Every structure is written in structure tokens, then in C-alpha cells.
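Given as C-alpha cells, the chain that follows is alone and in the form predicted on its own.
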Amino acid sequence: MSRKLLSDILSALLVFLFIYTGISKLLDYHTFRRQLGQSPFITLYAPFIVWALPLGEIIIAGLLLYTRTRLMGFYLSFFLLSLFTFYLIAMLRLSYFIPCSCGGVLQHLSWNAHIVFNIVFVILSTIGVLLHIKQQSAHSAN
């Protein structure tokens, strides 16, 4: 399988994930806002996060669609998924109450399954970054 094809597949998986979760959060805005407001670590930031997170997910998906902006999309995917994974781990370790502010079917995963799911997508984002960097260096070497 070529690097470009693999990069396209990884990008498509992340686009699907971010479009799905971003739109799910916006469609169920009131529930998402309530759950973020109940989160012990981010209650103060909930009014900002309730809009910034789903819009950020959709923007990242848009960046991943175009070869020219794909590397930035992979980096932002890595950052957002890593941040959320660390947030989930902190919540599991330090909080007695963990509201689920996930979108769609992801809210039905156990917390451990959600962490594993996120780690898989962090790894896919990392592979995407590495592939894209290799593609760019191969093009610049020619």
C-alpha cells in the first residue's frame, strides 16, 4: 500500500470521527452543555468549550480533507485526542463523578474502552503525521 493511500485512509477515518462527534454534540447541544457543566475540572470553561470543541472537531476534519492542510490536521488530531485521553484518565483517577459528554454511539462505551479507542486514534494520528512528513521529504528530495 502506498504512503499516500494510507495517509488518505487515516485521514478519512479521522474525518469521519470528528464530523460524527462534532455534529452529534451540536445536535444534542443542551445535553452536551449540561454534561460539561457537571464536569468537575472544566465547569468554569463549559460555556466556551460547548461551542469550541464541536467546531474545532469540524475544522480539524476540514483540514484533513485537503493534502495542503492535512499535516496540520494530523497534528491537531493528535493534540485533541491526546488531551481528551489524558482528561479521561484524570477524571477516572481523581473524580467521583464523570459525566459523559461524548457524542453519539461513543457515549455507550465504558470509560476504559473509550480510553483504548482514543489511544488507537492517537496512534493513527501519529502514523498520519509520520507518513505525511515522509511524503513531503520525498517530494522535496526530487
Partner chain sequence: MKKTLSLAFFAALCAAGTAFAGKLKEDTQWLLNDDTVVTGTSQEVKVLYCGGANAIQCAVSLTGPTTIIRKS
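In this text, all values refer to a predicted model and were calculated from it rather than measured experimentally. Numbering follows the first chain given and starts at 1.
The protein also exists as the form predicted in complex with its partner chain; that form is not presented, and the subsequent description refers to it.
- With respect to its partner chain in the model of the complex, the three residues Lys4, Ile23 and Thr31 uniformly fall within 4.5 angstroms at the level of their nearest heavy atom.
- Of the listed positions (Ala113, Leu27, Leu94, Leu44), a single one reaches within 4.5 angstroms of its partner chain by any non-hydrogen atom in the model of the complex, namely Leu27.
- In plain terms, the part of the chain that comes close to its partner chain in the model of the complex, with a heavy atom within 4.5 Å, is 60-68 out of 113-121, 60-68, 45-53, 86-94.
- Though the partner is left out of this view, Ile133 does not reach within 4.5 Å of its partner chain in the model of the complex, counting heavy atoms only.
- Residue contact check for Ile127: none of its heavy atoms lie within 4.5 Å of its partner chain in the model of the complex.
- With a 4.5 Å cutoff on heavy atoms, Gln38 counts as touching its partner chain in the model of the complex.
- Annotation for 7-30: interface residues with its partner chain in the model of the complex are Asp8, Ile9, Ala12, Val15, Phe16, Ile19, Tyr20, Ile23, Ser24, Leu27, Asp28 [heavy atom within 4.5 Å].
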